[in-house]
Structures are given as structure tokens and as C-alpha cells.
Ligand SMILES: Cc1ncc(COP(=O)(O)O)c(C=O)c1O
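One chain comes next, on its own, written as C-alpha cells: the form predicted alone.
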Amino acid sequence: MNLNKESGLQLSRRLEGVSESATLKLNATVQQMKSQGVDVVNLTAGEPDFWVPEAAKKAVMEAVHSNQSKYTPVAGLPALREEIARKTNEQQKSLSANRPWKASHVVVTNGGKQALFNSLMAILNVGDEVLIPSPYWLSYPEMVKLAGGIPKFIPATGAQGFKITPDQLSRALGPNVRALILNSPSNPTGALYSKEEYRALGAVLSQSPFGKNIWILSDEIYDRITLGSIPFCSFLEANPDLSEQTITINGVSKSAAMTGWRLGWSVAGEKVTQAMLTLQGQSTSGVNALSQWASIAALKLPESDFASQVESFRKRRDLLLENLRKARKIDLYTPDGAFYVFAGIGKYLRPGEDSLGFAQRVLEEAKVALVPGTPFGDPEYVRLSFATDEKSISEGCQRLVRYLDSV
């Protein structure tokens, strides 16, 4: 859309070609329908339905009563940065044994989304290319464009587990490539790279003449939600030699069900960390104090406190797949992480239709809200979230299967 067609007041050209978030827009539509009394089953939201940990709630109340709610440092509360560095070191033991991250390498941000945006703004110049495996989280290419970069997609099909291969990465590299974005476990596919797979990708970067000039943005926001036999592996656990060019991004939104608290972070080398601090200092400044105190408490909790949530996600995934398999023309892949199923609906598309049109008619005719795969890079897929209760999952899938059997 050309925002500057008419004469008069002008908008920034950097917004041309940038789309609003399709998932946020769709979820708002669903909420509006529900407020009007429409019986819609919502399988769109990337938001766990579990409550925030009690320890985090208690920490907020204590912070309020002790008046710990003033401006915070741009980079975040020192105690929170220490906790984030500790967590990251535990997940990157191959690196931290000799070169552990410190609090000074951490920037606390308004959700993982801001950490990604800060990173791209800090490393990209106009015209720089950014490699993005496709399907992808829909905000990646839009953020790249806002930062002046050019998204360059590497297709990762269902047949290859929605993961790129070393050969694909090698062929995509070039003199104009400045960054590679990796997301494991993945939104929207639930794909999870093993340590061996990450090590093979890292070897390509280390051996390529272009590799030393490429930043790796490792989005690890779903690190705790692993549902299969493959354990979570941080990119730098597999490739510690690439620490100077890797930015690890994470947060508490998914792992601790603290979506509305908007607390994320980046962990990276001093040079890029300082650049991101400069950006944040001139934009949002420090994250709100109460979220930071809550996150300190959440990060101190043992992994065992979250085991029941992961088991619930596993049961919900299996329930969703069991129901969807009754629609024989759906292509299904079992996700190893996150809380999404990325389902192939190409055999149900009408002439000239993509998943946007498919999702719209399923919403209107079956009263089930799905996320179309088109904004995620695949027009023949839809994303279904199982971050909701089992009753909604069963009802939504049954409505969808009945509808598909009738068309």
C-alpha cells in the first residue's frame, strides 16, 4: 500500500510494504465476535492459559508495598540481569565454561519482540539481506523491512520437518547477507533443532567466506516447551565459537505464561549490547519496574515447577492431532515444541483461494478461528494453537472436521 499517494502531510516511507500483525488483528476480530454473543472457538492465540506463578505475583505485591516502582536502569534491574545471565549460562554450558555471560551482556526489553527489533536496528544498514527460514514468525520480515533490510527466505518444507539444511544455508549465503534468524522451538511449526542439526548449520557459517560477517539472531522464547524426544538446545550450546556474532533472545511470556507483563531480553557481546542500549535509551528506556521484580522471582523457580504445564501442552497436542486426523485430506506434522500445529489444508482450498480465504470462511461458517499460514510464509497451511483448554480444542477440531467433510 502506498501511504503517500495524496499530496499534503506525508507518512514515513519506511512503513510502505510493512503489514500489521495478522495474528493480533485476527484475535481482535474473534474477541469482538465473542463480545457480540457469537459462539466462536478460538484456536489462534499464542498465549498460554495458565496463571502467572504465585511467586511472581507475591514479588509484585512486595515491590508495590516497598515502593520499588520508580524508573529502572535502561538495561534493566541489576538483579534481573544477573538472573538472565545465569539462566543463559546454564543453557550454554559449552560456552560459559570458559567465557560466561555477565549481567553487562544483558538488555531487558519490553517482550522478546523489542529485543528482536533492537537487534535488527542495531546491526542492519539499508539494503542488507537477512536470511529467514520459511515458515517464519510473521513479524520477522516486517521488522527487517522497518530496519531497512531485505528479507531473504529459505524454504523449510514439512517433508524436511520445517527445518533448513546445511546445504540450503550454504547456497543462501552471499556478500550482502548480514544476518540469519533462527527460531527453535518454532512459531508457527513447532519444529525443534537438535544439537547436531544446529552444529551442522554453525559449521556452514564458520567455513563460509561470508560467515564471519553474519549475525545470528537466535529466538529461544519457547525454550521450556519441548514436547518430544529432542531436548531444547540453545544455538550457542552447539556453536560456542560463534558467540561474538550471536544474539540470544528470550523472555518469560511463553515459558512462565507472563504474556501481558511484556518482559524479554537479549544476551550478546559488549559492542552490540551497547548499541542496543543506545537505541532503547532513546526510545522506550527501561521496562516497567513491577514486571522486572516479578520476572526475577519467576526465573528463580526450579524447572520442576513448570513440568505440569509442559505435560498439559503435550496432552493437548496429542488431543488436537487425534481429532484432526479424522479429516483425511489434512497434512499433519507432530510438533516437538511450542504449542502450535501447522496443518496443511491445500487439498481443501478453492480455486484462487489461499489460507487467508480458507480461514475466513471457516470462521464465518464453522465458527472456528484459525491463523492463516500466508503471513507466515505458506499459503496452504493454517496454524492451530493448543495453548487453551481441552474442551475448546476438542470442540474446535470437531467443528472443523465436520465442516471439511461437508465441503
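Numbers for residues come from their place in the sequence shown, where the first is 1. Not measured: the values here are computed from a predicted model.
What follows is about the form predicted in complex with this ligand, which we do not show.
In the model of the complex, at least one heavy atom of Tyr222 sits within 4.5 Å of this ligand. Tyr140 belongs to the set of residues with a heavy atom inside 4.5 Å of this ligand in the model of the complex. Taking the partner from elsewhere, Arg178 is found to have every heavy atom lying beyond 4.5 Å of this ligand in the model of the complex. The closest heavy atom approach of Gly149 to this ligand in the model of the complex falls outside 4.5 Å. You can rule out all but one of 249-257, 233-241, 290-298, 90-98: in the model of the complex, only 249-257 has residues with a heavy atom within 4.5 Å of this ligand. Only one of Arg314, Lys195, Lys145, Arg262 lies close to this ligand in the model of the complex, with a heavy atom inside 4.5 Å, and it is Arg262.
For the options Leu116, Leu80, Ile214, Val272, the residue carrying a heavy atom within 4.5 angstroms of this ligand in the model of the complex is Leu116.
Interface residues of 155-190, taken as those with a heavy atom within 4.5 Å of this ligand in the model of the complex (partner not displayed): Asn183, Asn187, in sequence order.
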